[in-house]
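Shown below, as structure tokens, is a lone chain in the form predicted on its own; questions about how it binds or moves come after it.
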């Protein structure tokens, strides 16, 4: 059933039983990302797809996330995005057995406003069911301390899934550059991972407006503090264009279980809401655009000013879609939102 969109974005509500039949055959579109699958899924109209998968019963009576329901929500979202009958078939569009898969989490804010442990566990389990050995999965972020503050246990080596910060392996000797960005990139990404799955959090940001999929890759470089001028424009887009990042990030799965709509990126419980959702897309620009609109809507509901009036509208999202970057699309007429 077709419904009202986000700022003109086409929105479709699809039942769990019928979404695979509704989506139809996938067609190939180019998002200008050399590392993306050759035939990323889209609607038959050639628009970028963003799945918003929601479960109002995601939490138990104590307010804690249910690992089983998180896993089921993830698998439904993957099947909807890739138009597949089984999540393993969806993963095979992104990663092949034998490849090392990096999960780029966001842990700077600690527990409560970081990528949830339950989501990471669900992704790891789903990948293993798709034939990816646990020792081929690496969960990483800036620092070991950041991972620990978010509830993860460091495991630098061993037979299971590894959990490491950039401080373990350090950064590349080579300086990568694009536009106004020049950075060393963490060796976890450049030397260990074949494929990166981006696991950001849906959050307001006090300088750049929002921090979602694109900005999450600031955690892959040695000097992110230099790139917050002008609300992050064009720096966020330029960093994502650095060759190791652009070629290896394949998929974004945004933790929107408890988004932050004001005061981010820190943990701000007074400005968070239980959205109980995942945003999933092959297109990080489209995902960021939709995530931004969701935050603006929540801000409006709370009587807050739009980010534009606060001089922190995330213009870098538009820059990421321009002719010099081509990282995705932010034209609402070219984004198809699928709610399940």
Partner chain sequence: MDRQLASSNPATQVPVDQAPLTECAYRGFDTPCWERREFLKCAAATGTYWLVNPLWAARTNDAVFTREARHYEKLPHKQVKCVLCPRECVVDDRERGYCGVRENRSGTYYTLVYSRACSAHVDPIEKKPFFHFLPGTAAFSVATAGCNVNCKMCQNWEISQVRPEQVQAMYLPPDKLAQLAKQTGCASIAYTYSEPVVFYEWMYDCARASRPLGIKNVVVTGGYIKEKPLRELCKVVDAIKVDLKGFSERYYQEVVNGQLKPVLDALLVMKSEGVWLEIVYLVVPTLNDKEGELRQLARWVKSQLGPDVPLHFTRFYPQYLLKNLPPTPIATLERAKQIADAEGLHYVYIGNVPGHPGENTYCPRCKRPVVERIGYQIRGVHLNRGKCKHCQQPIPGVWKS
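Residue numbers count along the first chain shown, from 1. No experiment lies behind these values; they were computed from the predicted model shown.
The discussion below concerns the form predicted in complex with its partner chain, not included here.
Asks: Just to be sure I understand the contacts: of 146, 233, 83, 118, which is the one whose heavy atoms reach within 4.5 angstroms of its partner chain in the predicted complex?
Replies: None of the others qualify; the residue that does is 146.
Asks: Consider the chain as shown here, without its partner, and state which of 94, 108, 242, 137 has a heavy atom within 4.5 Å of its partner chain in the predicted complex.
Replies: Selected option: 108.
Asks: According to a 4.5 angstroms non-hydrogen atom cut-off, is residue 222 in contact with its partner chain in the predicted complex?
Replies: Judged by the heavy-atom cut-off of 4.5 Å, residue 222 is in contact with its partner chain in the predicted complex.
Asks: At 4.5 Å between heavy atoms, is residue 129 in contact with its partner chain in the predicted complex?
Replies: Residue 129: no, not in contact with its partner chain in the predicted complex.
Asks: When the contact criterion is heavy atoms within 4.5 Å, does residue 170 count as touching its partner chain in the predicted complex?
Replies: So residue 170 counts as contacting its partner chain.
Asks: With the partner left out here, check for me: in the predicted complex, does some heavy atom of residue 226 sit within 4.5 Å of its partner chain?
Replies: Yes, contact at 4.5 Å.
Asks: For the chain seen here without its partner, which of 86-94, 179-187, 129-137, 67-75 has a heavy atom within 4.5 Å of its partner chain in the predicted complex?
Replies: Within 4.5 Å of the partner lies stretch 179-187.
Asks: If the criterion is a non-hydrogen atom within 4.5 angstroms, does every one of 61, 124 and 248 touch its partner chain in the predicted complex?
Replies: No.
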